[in-house]
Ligand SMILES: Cc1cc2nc3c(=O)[nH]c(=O)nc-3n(C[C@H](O)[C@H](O)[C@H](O)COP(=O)(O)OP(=O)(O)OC[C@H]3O[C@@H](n4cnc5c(N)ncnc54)[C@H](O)[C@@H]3O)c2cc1C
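Shown below, as structure tokens, is a lone chain in the form predicted alone; questions about how it binds or moves come after it.
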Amino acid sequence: MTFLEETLGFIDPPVKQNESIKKHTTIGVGGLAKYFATPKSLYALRLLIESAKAHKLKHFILGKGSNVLFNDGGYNGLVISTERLQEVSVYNGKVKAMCGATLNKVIDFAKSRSLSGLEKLYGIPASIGGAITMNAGAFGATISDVVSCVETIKNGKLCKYYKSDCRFGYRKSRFINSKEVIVSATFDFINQAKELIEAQIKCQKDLRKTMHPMGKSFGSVFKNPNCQKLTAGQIIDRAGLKGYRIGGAMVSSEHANFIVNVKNATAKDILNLIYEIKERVYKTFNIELKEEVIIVGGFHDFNC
């Protein structure tokens, strides 16, 4: 029995073939995924992963696609999107969100119940699964500040990790490069007047409008270097790279830690621009920038 034949019994909608990845990433690049699935339940998610393993088919879990770069040649395996796993609920003041729920959805849900804690992350185009994995943050706050526990699928079984077990750090957690798949997270929010929460969200929206460029991008490309007073964006700016362009990819003229797809950029354009930024910054300041962006397959697969 083939992989597609096996999945017909439990996947609705059926697994797609040769799906364009660029439609599912915020930067809007990438080739075709050999297989693409959007499970609607944890049961289906688990069976998809197990079926892929049984057929020796590599797989990649995709949330909002805001920090990943896929090869122009596509992905010769199964891409599993969590976009249908979006349930958010509350019990005894704790908010539980499935991995595919967006940060904005969780923050708005909490606001509707006068619960506060993640407003500074409003506007980050990430799913809960991706945000937990990268310990997403903005304006001095991180998602780990309010995490209570995280549930994953590991070797076909459901596992639970409390915050102290998650090894959160700056843009990292135990789940980076792990074979586990995050399926949900539970948060400890605090009670707050709804009007104050709304004011904080409005403040974040206004800040993002003034600081972050519009259009197709990853969000931040590089981590802020350790032991540096300047941010990655400020360092790239001082290296004279604002507006620098390779093909259809350009360093934003508004925020230098953003690469924007200005004209049908390819993944190769973007990767070459990442290389150029890193090389220029290292030669100018002897600072090695590290990517926040996950390059699927690794640099060597792009043949730049």
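We number the residues from 1 along the sequence you see. None of the values given here were measured: they were computed from a predicted structure.
The form predicted together with this ligand exists for this protein as well; it is not shown, and the discussion that follows is about that form.
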- Item | Listed residue (G74, G137, P225, G77) with a non-hydrogen atom within 4.5 angstroms of this ligand in the predicted bound form | G137
- Go through K163, K96, K111, H212 and name the one with a heavy atom inside 4.5 Å of this ligand in the predicted bound form. H212
- Note on the structure: The stretch from 155 to 163, 212 to 220, 191 to 199, 228 to 236 that lies within 4.5 Å of this ligand in the predicted bound form, judged by heavy atoms, is 212 to 220
- Message: Can you confirm whether I246, S252 and L273, the three residues that make up this candidate site, all sit within 4.5 Å of this ligand in the predicted bound form, judged by heavy atoms?
- Response: no
- Item | Contact label in the predicted bound form: P125 to this ligand, heavy atom within 4.5 Å | yes
- Message: Contact with this ligand in the predicted bound form for E292, defined as at least one heavy atom pair within 4.5 Å: yes or no?
- Response: yes
- Task: Tell me, yes or no, whether E180 is in contact with this ligand in the predicted bound form, where a contact means a heavy atom of each within 4.5 Å.
- Result: yes
- Item | 4.5 Å heavy atom contact, N67 and this ligand in the predicted bound form | yes
- Taking only heavy atoms into account, state which residues of 26 to 61 are within 4.5 Å of this ligand in the predicted bound form, ordered by sequence. T26, F60, I61
